[in-house]
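A single chain, nothing else alongside it, follows as structure tokens in the form predicted alone.
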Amino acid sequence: MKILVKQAKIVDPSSPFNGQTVPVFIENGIIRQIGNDAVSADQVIDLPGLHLSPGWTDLFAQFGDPGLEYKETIESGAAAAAAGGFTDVVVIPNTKPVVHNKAAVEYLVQKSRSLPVNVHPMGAVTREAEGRELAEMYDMRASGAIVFGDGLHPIQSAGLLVKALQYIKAFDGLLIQVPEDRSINPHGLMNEGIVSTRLGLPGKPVLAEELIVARDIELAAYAGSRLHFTGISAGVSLELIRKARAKGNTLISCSVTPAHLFFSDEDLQEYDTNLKVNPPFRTPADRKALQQAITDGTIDTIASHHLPHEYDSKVVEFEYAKSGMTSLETVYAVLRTALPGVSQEKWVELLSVNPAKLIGLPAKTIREGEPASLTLFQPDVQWTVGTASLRSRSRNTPFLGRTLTGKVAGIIHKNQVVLNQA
């Protein structure tokens, strides 16, 4: 298959064409020519204001297979990822059964092999992701588990976590943790503060996140192993990470969700269950701290925290609604809308360069002779999020009906082209 991207601005710090607007010709999944549009092609992509970057990588998404296919299948999840500009997605192990052994990892690897998006399993650290005894991480690693973590269930035991960190150090593994001490008000429904008091909802204090971040920084340093915090929601957590790095701790990395850069607890006034997430949205001051951490380099990557739910899990009283939102399709648009002053180079660093490096994927670059793993996006196009623009099986997003700036045109990956409708 021969594909010609007629004109696109290259956003790739490792490419000699970075910053240039040029045609890109792809043949049989390989970038053959850059700068020459006098070629015959089976498909021509010609869109206004088009930008081209190495394919994006998401570190934290839930695809329901196996066992929760009514929320999301591997196929629908991959379609949502492609629509959002992602060529690689790490899927969390919280399925039925839990991905905690080599058979479960191999199942995901084989089932996703032909899809246009690479689906990378996250192996559970503990059996059944229950936080009691370690799973067989070495076997899972050999079968294709790219990182480890208990996904939606933060590891509560310090002793167990340090053993896991020591174990994965043998193969330079990465452990991903959502920082939350679940012994502190486990029934909280939103951020503890003035708004939760006014709404009459039990709150989750920032302290629950702060304690785990502080503890796990020390444990990672003790074990000499790599640890990634995902879903950072509070300014105090960022300060702890900054202080650790200032002391020379390079083992710690962190990510934030686009939604936490966009919303605060004040947006929950209408009890919209699509805004019920974990970690919860914190105060406007916390949101500002997260936004600042994007520009100052404290935050290493963006993670979608794509958690699709069927209708009945969200259209209930706030207390009974499941936490999470479907988000892969809207990641870039939410980032671009929340922080319009951030450069495209920074977004590509956070969405492509850094996450791929963290999990050990081969470096992607836009050069002649390299495999075409590309994300196509239009930073200045405005669009309204509708059900027709969602490829996920679920619709639990607070962005339905909102007009956002920044549109993903699609991906070119594994010799396949997936384009969104105009």
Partner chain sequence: MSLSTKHLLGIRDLTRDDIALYLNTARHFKEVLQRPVKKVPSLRDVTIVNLFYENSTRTRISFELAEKRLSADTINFTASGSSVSKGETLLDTVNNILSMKVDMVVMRHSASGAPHFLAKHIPAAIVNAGDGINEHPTQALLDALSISEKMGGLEGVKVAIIGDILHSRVALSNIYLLTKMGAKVTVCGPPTLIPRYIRESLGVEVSYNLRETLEWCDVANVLRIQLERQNQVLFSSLREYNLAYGISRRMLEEIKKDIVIMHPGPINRGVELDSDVADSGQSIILQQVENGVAVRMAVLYLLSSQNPTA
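Worth saying up front: this structure is predicted, and the values here are computed from it rather than measured. Numbering follows the first chain given and starts at 1.
The protein also exists as the form predicted together with the partner chain; that form is not presented, and the subsequent description refers to it.
- Taking 266, 130, 218, 272 one by one, only a single residue has any non-hydrogen atom within 4.5 Å of the partner chain in the predicted complex, and it is 272.
- Only one of 181, 349, 75, 192 comes within 4.5 Å of the partner chain in the predicted complex through a heavy atom, and that residue is 192.
- Residues of just one listed stretch (331-339, 147-155, 318-326, 81-89) have heavy atoms within 4.5 Å of the partner chain in the predicted complex: 318-326.
- Within this chain, residue 96 is remote from the site of the partner chain in the predicted complex, having no heavy atom within 4.5 Å.
- Residue contact with the partner chain in the predicted complex: residue 199 places a heavy atom within 4.5 Å of it.
- Among heavy atoms of residue 187, some come within 4.5 Å of the partner chain in the predicted complex.
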